[in-house]
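What follows is one chain in structure tokens, specifically the form predicted alone.
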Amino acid sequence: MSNLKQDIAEKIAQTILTVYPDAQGLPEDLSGLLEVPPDPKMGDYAFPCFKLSRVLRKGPPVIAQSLAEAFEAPDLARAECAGGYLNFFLNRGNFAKNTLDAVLSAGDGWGAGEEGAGKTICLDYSSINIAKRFHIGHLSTTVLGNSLRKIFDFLGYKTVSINHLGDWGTQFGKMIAAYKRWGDKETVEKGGVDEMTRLYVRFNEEAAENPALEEEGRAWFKKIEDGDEEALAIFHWFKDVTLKDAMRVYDILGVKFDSYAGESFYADKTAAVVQELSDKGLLKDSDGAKVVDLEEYGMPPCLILKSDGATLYHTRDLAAALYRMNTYHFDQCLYVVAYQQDLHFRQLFKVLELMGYDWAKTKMKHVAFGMVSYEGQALSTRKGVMIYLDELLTKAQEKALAIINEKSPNLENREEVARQVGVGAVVYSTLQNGRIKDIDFRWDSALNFDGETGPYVQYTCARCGSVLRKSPDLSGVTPDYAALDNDEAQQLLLLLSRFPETVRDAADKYEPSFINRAVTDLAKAYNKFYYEHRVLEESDPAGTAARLALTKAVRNVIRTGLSLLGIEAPERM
């Protein structure tokens, strides 16, 4: 099926030229002006004629009335004038047939596209720290980045998912010093990140009493920088232990990366960046440190080298950006990082631009998101309010299993469904609102089967599957689309027809919440249809065939939408 909005827009353009053959200066694409009326009784689409008033030198109501009288597309829609608006009411029978034919022929690919063919998008997200536990503060970046990767894949882009590990700095020298003094291989292997954290905490406590330990830590980090065999062996082992721990969480969430190149990967690439900044006259001295002055652009100086010659985040991020462009030749490079780092990325992009890399202005984007709290409490390591992600996901599955045991005690694969529902609830609640909004994770809302939640949408998808399994064999019956002439069915069809546009809006604005809203609206609309109309009606096989086609289309699109969010859809619940 062609784009419905585009079809209407093209017909409007034809009608304008019929009524006003001398019209000049009309917008090239009228589809962007089409709106969805707040009340379905006002039509399925509305075209505001105000934008045409200056061009046609007539009042919007006059233009709307003249276009309504001349509009001829009975197979598509009828037009009515409403003040300065031209309201369109779709031909319900044709709309139902065309929409369902298109959705069902696409299978799970309704909304997919090839506009990204030949284009590469790098996505930098999750970015966990070595020797630290994976906590709920990493949830947003991880699931938001994962969903964006899936959306861009769906639209034909080549995506490169990058986990820019926090694996550089003096703290790793301290970690090695602590391990050499008080640790052993077997205990660290068994205790994992928790044991490494214990050693690091002990080091800092002991260093408060014995400042000489700080020098010992710096000495070990210097050995890492100099390529000392023993120091590097321990350092890489710490990374392996951390990633092994993190992989458990990534596996539960279904998240994968193409690259784990972190800060340490760029350590030997920063000297060339510093030299280039110097050669281009961008470096200035500031109390012994080296900076790029950004006062002219309303920003503080960008610190490149500390007074002792050590590199910083910006130095390594500059090296990373140049490496990614030279390696992947990206069309976009997205940094899915909390909004508190806005200044950091504005400085980064501006320095790249000053270095002469104009692509930094158009191809690099900070995809910011809000903060996460838990049951009304702000996360704070110092105050002991820190929720580890593996524990959160385990608890989600346990709570989901308890609910399923109560609601569906005879369900065969309850543990598997509990995993899908529990993890899905966490992901859904994280992607439910616009990404810039702060999130307060609460169990009572996340795992509710009746509200706008992941379990509710999953249950509706499973309900559609149940209806289809109970249906008779109607393979030889021609659907009667007049059975879908009711408001409830038409609302579902409109939501289905708009899903491809929603996917593209989500990609354009880096907002998976748009898809979250789309599948939620579909679930709500289907449940209303389900309660208002009998889907399986023995006395009406042709009507039943049409209603089953609608049910199957809804199931497919909800399943597709959930998949784009990184959420599984259980067959039964």
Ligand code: ARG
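From a predicted model like this one, the values you see are computed outputs, not experimental measurements. One-based numbering along the sequence shown.
Only in words, not in the display: the form predicted together with the ligand, which the text now covers.
- Candidate site formed by His138, His164 and Phe345: every one of these residues places a non-hydrogen atom within 4.5 angstroms of the ligand in the model of the complex.
- Just one of Trp237, Tyr313, Phe441, Phe154 comes within 4.5 Å of the ligand in the model of the complex, counting any heavy atom, and that one is Tyr313.
- Contact annotation: of the candidates Ala131, Val292, Val337, Leu496, the single residue with a non-hydrogen atom within 4.5 angstroms of the ligand in the model of the complex is Val337.
- The ligand in the model of the complex is approached by Ser127, whose closest heavy atom lies within 4.5 angstroms of it.
- The ligand in the model of the complex is approached by Gln341, whose closest heavy atom lies within 4.5 angstroms of it.
- From the list 412-420, 244-252, 119-127, 461-469, the contact stretch for the ligand in the model of the complex under a 4.5 Å heavy atom rule is 119-127.
- Scanning 18-49 for heavy atoms within 4.5 Å of the ligand in the model of the complex gives no residues at all.
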